[in-house]
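The chain below stands alone and is given in structure tokens; this is the form predicted alone.
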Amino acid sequence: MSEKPVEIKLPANLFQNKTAIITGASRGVGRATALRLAEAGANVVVNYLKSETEANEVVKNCESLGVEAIAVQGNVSEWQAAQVIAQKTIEKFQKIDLLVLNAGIWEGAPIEEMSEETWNKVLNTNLKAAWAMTKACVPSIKKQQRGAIVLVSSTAGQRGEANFSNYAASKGGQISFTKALASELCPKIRVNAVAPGWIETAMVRPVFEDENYKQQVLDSIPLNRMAMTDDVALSICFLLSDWSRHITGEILNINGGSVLCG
């Protein structure tokens, strides 16, 4: 598996003079999104939890594209940390225009074996963090002429996922949160979500050490491939940009046709 970018470049002025925060941006979808936003002219705040070296590397890569970038450590599921991330962004860039709520974890168990700790950890990281970061950043975004928020949900939030009921609940909650905020924050702030299926990331690679299971997954996807992180990043950039200026409250499915829903 690889996380190579799609061979297409975004316009360098698509997000010119914009400031974007991406949570969980040291790797995977967050990293790919940070690089695409930088390519398109946005100044970037790379949030991370533990991976300082990786986060700083993302910052360097963004800066090499001609924008300013900073790494900010913080557990986004904690309200105090969310406030600090927003504050440091405003201190550096004077404003917040764009917010990508990407931080997430995938841990589960059969319901009768699931501990309270596992339930809370996943709900806090995936759903509470979306609330905390939105609450912290919206006052600044509202001061701009227009802004946009994108949540990274999942097909699990639409169809459920056996043995990962906590994850499915968190991602379904993100979808409902998206729709509620879209009506609450309009017309200045658009709020949308992407709902990827399987993505080629470090998080899922251990699962596909079983070649038979990997083939079963591929057979279940009409496009016969898994999404790369850049497939998701490009979709996020679309929803953040004026290309989608009349779209809000939408859940954009990125699953190769494996889950067809409205």
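Because the structure is predicted, anything quoted here is derived from the model rather than measured. A residue's number is simply how far along the shown sequence it sits, counting from 1.
One more form of this protein, predicted in complex with a small molecule, exists but is not displayed; see below.
- The candidate stretches are 88-96, 182-190, 134-142, 167-175, and the one lying within 4.5 Å of the small molecule in the model of the complex by heavy atoms is 167-175.
- Under a 4.5 angstroms non-hydrogen atom cutoff, the small molecule in the model of the complex has V152 among its neighbouring residues.
- In the model of the complex, the small molecule sits within 4.5 Å of a heavy atom belonging to S51.
- Contact check for K214: every heavy atom lies farther than 4.5 Å from the small molecule in the model of the complex.
- At a distance threshold of 4.5 angstroms between non-hydrogen atoms, N75 is in contact with the small molecule in the model of the complex.
- With the partner omitted from this view, the residue of A71, A82, L127, A103 that lies near the small molecule in the model of the complex is A103 [heavy atom within 4.5 Å].
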